[in-house]
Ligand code: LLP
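Just one chain follows, in the form predicted alone, and it is written as structure tokens.
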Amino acid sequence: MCEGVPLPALAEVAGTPLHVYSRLELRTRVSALDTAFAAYPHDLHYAIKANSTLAVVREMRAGGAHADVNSGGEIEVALRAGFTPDQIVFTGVGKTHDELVRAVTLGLKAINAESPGEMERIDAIARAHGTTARVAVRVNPDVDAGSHPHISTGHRANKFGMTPTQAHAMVTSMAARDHLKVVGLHVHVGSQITDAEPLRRGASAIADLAIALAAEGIRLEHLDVGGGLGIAYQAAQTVLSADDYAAAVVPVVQATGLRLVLEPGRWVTAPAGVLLTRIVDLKTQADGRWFVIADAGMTDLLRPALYSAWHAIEAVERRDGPPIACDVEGPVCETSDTLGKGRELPPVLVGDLLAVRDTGAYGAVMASNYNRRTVAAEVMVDGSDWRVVRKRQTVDDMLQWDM
């Protein structure tokens, strides 16, 4: 079930592969995070990169969140979802000229500048348009997030942000310019973080810098501590609660008196989604285990192929009998196309449904047309009702731009 709707009923009508989201879970998790930080002035800026489906982003807005974007396309998604420019923070490495023009002329809440060169480009655009751009500086505090190297962003070897010393110099330069208004500092040390210490250290780095700047007469408006709070993809995994997160961050920033900006993504949306897939083939391996071949693969859920990420996989309708040891594989012509290695399922048959859990973040948003596979549909469940929120792509949709 998803809320009051049986998963087989969704698959029967909407087909597979199918991304299914729970509206209640989305709202519940936004509310829980907001409540955890209630004692300190803050804004939640939902990280649209986690799941940019308009219906999901609109739920974030309806739940009281603002928006964090990483591209020009995500700016437009935020606007179409109903966010106003003063509710949007623009992060991301390698912002193009056109993206910066759009951000500056819209008057976003903050553009998180990544380098002195980007600062110069923002300044030049603001001067050319006769406006003042609201800017923050992204700080790289050289903190090991303790997560997969591909999703670590706060270490000195990562491409993101500037050292605290470099950031200090950037802010000083920004503060002297007529067309730049320095409003904050930003840090984001990584994703799927399950230990409070990296989060505390990242927040501490920008809090210390803010205090030093205030002593020099440069007063900021906010501290953006990013996101990165992890979830329990495996039942035995120990993770931080929203309250643990607040307890790690708030005491560190409190002395600054600055408003706190948080960028939740995965923690809010991942547990609110499952990927429904149908078994299309079964075959035995030499060691007696099974290959369970599903109609969903790396084009629908890239994380296992990209990060060797774990997602729990369950049979939607269980049969009696001894469990089978298996590898759950996708249909794409790549050995890396897997949903889960070394798993155990109840007896299954071709045509049975599997539910891949915790796919509401970095699932549909990372889809591709590799092997010319069409992108899966997405549905939102609300109590006993549901609706399609993203139509299944057709071959004609996919080929419409080919000449």
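Start at 1 with the first residue shown and count on from there. Just so it is clear, the structure is predicted and the values come from calculations on it, not from any experiment.
Beyond the structure shown, there is the form predicted together with the named molecule, which is absent from this document and is the topic of what follows.
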By the heavy atom within 4.5 Å rule, which residue out of Arg121, Arg200, Arg303, Lys95 makes contact with the named molecule in the predicted bound form?
Arg303
Considering non-hydrogen atoms and a 4.5 Å limit, which listed residue (Gly184, Gly161, Pro264, Gly273) is close to the named molecule in the predicted bound form?
Pro264
Check, residue by residue, if Arg23, Arg278 and Val316 all come within 4.5 Å of the named molecule in the predicted bound form, counting heavy atoms only.
no
Which of these stretches, 325-333, 256-264, 278-286, 213-221, has heavy atoms within 4.5 Å of the named molecule in the predicted bound form?
256-264
Contact with the named molecule in the predicted bound form for Val249, defined as at least one heavy atom pair within 4.5 Å: yes or no?
no
Does Arg29 reach the named molecule in the predicted bound form, with heavy atoms at most 4.5 Å apart?
no
Could you tell me if Phe291 has a non-hydrogen atom within 4.5 Å of the named molecule in the predicted bound form?
no
Would you please decide whether Leu229 lies within 4.5 angstroms of the named molecule in the predicted bound form, comparing each non-hydrogen atom pair?
yes
Taking the named molecule in the predicted bound form, which residues of 25-52 have any heavy atom within 4.5 Å of it?
Ala47, Lys49
